[in-house]
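Below you will find one chain, with nothing else, as structure tokens; this is the form predicted alone, and questions on how it binds or moves follow later.
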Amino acid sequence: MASTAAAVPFWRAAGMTYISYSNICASLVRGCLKEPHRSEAVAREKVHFTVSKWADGKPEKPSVRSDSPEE
């Protein structure tokens, strides 16, 4: 049976981005780990980044943000 549509990854067909699919998979894997590996994986999950707003073509003072599930 030939299909005229191009093959589409199942995560795309479900309306997800690859990043959201990857985050769900990583969360499931972390949930399956036993201690002490689980706590190590959760510690690596935390992300810190800076955000700078631009005004008049120049960056304003950057603010450090944290994107972690606990917060």
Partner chain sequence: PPTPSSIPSKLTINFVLPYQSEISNKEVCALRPSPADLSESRLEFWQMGVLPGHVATIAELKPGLLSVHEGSEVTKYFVSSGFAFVHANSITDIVAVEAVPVDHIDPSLVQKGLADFTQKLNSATTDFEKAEAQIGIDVHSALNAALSG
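Residue numbers count along the first chain shown, from 1. Between two forms, the rigid core is defined as the largest C-alpha subset superposing within 1.5 Å. Worth saying up front: this structure is predicted, and the values here are computed from it rather than measured.
Keep in mind that the form predicted together with its partner chain is not shown, yet the notes after this line are about it.
Scanning 30-53 for heavy atoms within 4.5 Å of its partner chain in the predicted bound form gives 30, 31, 32, 33, 34, 37, 38, 44 in sequence order. Once both forms are overlaid on the rigid core, the distance between the two CA positions of residue 59 between the shown form and the other one is under 2 angstroms. With the core held fixed, the Cα of residue 47 is displaced between the shown form and the other one by less than 2 Å.
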